[in-house]
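Only one chain is shown below, in structure tokens, and it's the form predicted on its own.
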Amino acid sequence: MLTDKELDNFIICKKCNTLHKKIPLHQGGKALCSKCNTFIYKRDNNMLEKSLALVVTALISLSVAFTFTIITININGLSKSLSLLSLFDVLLEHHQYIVGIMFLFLTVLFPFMMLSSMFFVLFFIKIEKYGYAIKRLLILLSHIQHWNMLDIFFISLLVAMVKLFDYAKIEFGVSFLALLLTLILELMVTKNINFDTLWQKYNNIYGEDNDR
């Protein structure tokens, strides 16, 4: 029976579930699955700094996306400007309470919670403090990362606009560009951050002393 410390030396491919033993990598090196050639992990000594910069930028762009107009629709001289938060009000006005609550959580609260939690995890690991908070935030991230549907909303918005092009004049607002930038940054954050690596850093720094 292997101990927990010995198990840390192994990693499972997320695509084909093949078990691999971790090997030391040079800076920038990547490990691929021996069976399906899927990327497994890499070594990046500047991962924390890069990820922090991306997350902070994503939080700023997300705040802009929530604040300003996302699109302006003009139909026969009647103009209506919409923001992400005003869309929630429109749903409530039309008594779509369940849809409105789902929209609020999936496209507003969860994306903000995910990026905020990621920021604090990276920052606390960087300063090597608050181990208990890091552990709880990593567990929270594992639960909410799949409920972030900002990308689904963006695609749905594009589909709706395509259908309206024949009937209305549509102008993109600042929030539209900010939302697009946020989605790109989220993809970069997801690609740059490996949760197994974060857990490994947590164990290396705090060990059993997770209340530091």
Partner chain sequence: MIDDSRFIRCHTCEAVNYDNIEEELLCRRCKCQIHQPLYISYHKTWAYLITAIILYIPANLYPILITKKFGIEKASTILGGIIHLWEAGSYPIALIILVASVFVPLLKFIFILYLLISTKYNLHSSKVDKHKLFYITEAIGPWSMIDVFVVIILSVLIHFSGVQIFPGVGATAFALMVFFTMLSALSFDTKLIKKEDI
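Numbering follows the first chain given and starts at 1. The shown structure was predicted, so the numbers you read here are calculated from the model rather than taken from an experiment.
Not on display, but discussed next: the form predicted in complex with its partner chain.
- Within 4.5 Å of its partner chain in the model of the complex, a heavy atom is found for all three of L82, I139 and Q200.
- Among I155, V56, L187, L177, the residue placing a heavy atom within 4.5 Å of its partner chain in the model of the complex is I155.
- Just one of L92, M102, A133, L109 comes within 4.5 Å of its partner chain in the model of the complex, counting any heavy atom, and that one is M102.
- Among heavy atoms of S116, none comes within 4.5 Å of its partner chain in the model of the complex.
- At a distance threshold of 4.5 angstroms between non-hydrogen atoms, I60 is out of contact with its partner chain in the model of the complex.
- Contact check for H26: no non-hydrogen atom falls within 4.5 Å of its partner chain in the model of the complex.
- K14 belongs to the set of residues with a heavy atom inside 4.5 Å of its partner chain in the model of the complex.
- Residues I71, I73, I75, L78, S79, K80 are the members of 51-80 with a non-hydrogen atom no more than 4.5 angstroms from its partner chain in the model of the complex.
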